[in-house]
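Just the one chain here, the form predicted alone, laid out as structure tokens.
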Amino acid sequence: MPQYNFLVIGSGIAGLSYATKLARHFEEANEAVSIAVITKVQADETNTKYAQGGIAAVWSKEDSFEKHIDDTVDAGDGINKRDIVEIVVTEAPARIQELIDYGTRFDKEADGDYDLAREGGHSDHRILHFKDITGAEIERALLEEVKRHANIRIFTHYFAVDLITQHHLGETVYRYREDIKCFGAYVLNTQTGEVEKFLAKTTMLATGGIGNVYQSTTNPTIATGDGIAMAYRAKGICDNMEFIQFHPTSLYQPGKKPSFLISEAVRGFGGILKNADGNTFMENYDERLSLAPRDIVARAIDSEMKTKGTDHVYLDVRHLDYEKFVEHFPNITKTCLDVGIDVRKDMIPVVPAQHYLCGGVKVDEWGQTNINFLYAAGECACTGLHGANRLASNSLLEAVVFGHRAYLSTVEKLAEAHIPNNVPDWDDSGTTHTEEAVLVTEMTRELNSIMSNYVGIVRTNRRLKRAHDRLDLLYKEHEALYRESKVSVPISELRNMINVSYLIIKMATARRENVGLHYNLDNIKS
């Protein structure tokens, strides 16, 4: 069974930037190392690919680190880790310059300066973007860079099932044990149906988000919380899972998954939110109007929909320069046209959809989890940057900064890592069949209903209690099925989503004050 110096689970901006840094470092040192990157489907199908708006950094003389730091802390409702915010903001320009050096293109003005956008919660223009497909452009450039390094191998259609720790060697592992070590992962080769051992000295979780826990999400179908769930089962510490960001403006298309995102940058460009009567309403909720932080805008839209009894509100861009709008948002313009919406004369129907998780596997300032030789970066990690709510376009930034910092730590600690020679093969004895697809489909549908109806934008204690009770029954039903079934992607993804949902409900129930994205009507003081 092959062994690797580094195993990277996920091929988005966090995983690829980390792998690239490692490859370059050891090539320059003339040292041979092996880096394995595994991904559930094709290499470019990641959360990164679907990021439209851009990546935030202080780039102009009029802006400052202090303003970006203050904006981030303000959006996070003050429970951010300020030292982490300072690290990410001050390291941003260097990390983005590296992306540019890899070949990433960002839009420029006629004079050659970067066209810096402004989004909700930002006090200045600091968003670098490429049209309305910034994430896809970064993903393209990173994949091209990876191809230049022979010591990186990407395994497509490989699904990580469980992390390997001392537990698999017969030892008792508990959550706050300080000497837990990760030795890689058991990984399902989806083309052969066999579970393989990917043994590694260091493992990086870069598995993205949890969007498919909910009925409506802007995340791709691969976003099922795999890294968080695997880390939790391996006794990793998770935090801030109650802070679920709902993007205020996804295109209203009932039943479509993933939901198409109408970027925050459209409001930054001048788009105005209006209710079903065609009237503006954000002035009733926040002085920043349509450029208020996402949690405020999402709750405002939710309130308007409930007050008016409608399924959506509108984003009005009819007053904007059409040619400039198309230049900035060609993908959004085309998608709207494809469904019969001409933005020159029609308002865009929008509705909130799950978009981003501000919590995840808890890491330190170097991306290290409480499990030795296990790192996490990107959306699956809880760094403390976002606090209770993510500031727009800070996510790609966080991923690339922590990919870099994890690389630095990994190189420093590599000599301490080892792989034991007695890691057992995957044991599926006692399983008799592959699960029935209809059972997994129905359980997934029930899970989506539980989370969307009871653990959404606005919560109550009664809803959270009901969610917990229904999830407990679902967990027991799934565990019985999992124990007797051959491992597969659908049943494993459902297992992960149930684990993640439990963490969200548990932490939402424990949070006794309304802060950021967590809004419980029972926490409102009379």
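Numbering starts at 1 and follows the sequence shown. On a predicted model such as this, the values are computed, not experimentally measured, just so you know.
The same protein also has a form predicted together with a small molecule, omitted here; what follows describes it.
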Checklist entry - In terms of non-hydrogen atoms within 4.5 angstroms, which of the given stretches 313-321, 262-270, 345-353, 167-175 touches the small molecule in the model of the complex? => result 262-270
Checklist entry - Applying a 4.5 Å heavy atom distance criterion, does residue 119 contact the small molecule in the model of the complex? => result yes
Next on the checklist: Contact with the small molecule in the model of the complex for residue 450, defined as at least one heavy atom pair within 4.5 Å: yes or no?
Outcome noted: no
Next on the checklist: My question is simply whether residue 405 lines the interface with the small molecule in the model of the complex - judged by any non-hydrogen atom within 4.5 Å.
Outcome noted: no
Item to check | Contact of residue 501 with the small molecule in the model of the complex (heavy atom, 4.5 Å) | outcome: no
Checklist entry - Among 238, 392, 182, 213, which has at least one heavy atom within 4.5 Å of the small molecule in the model of the complex? => result 392
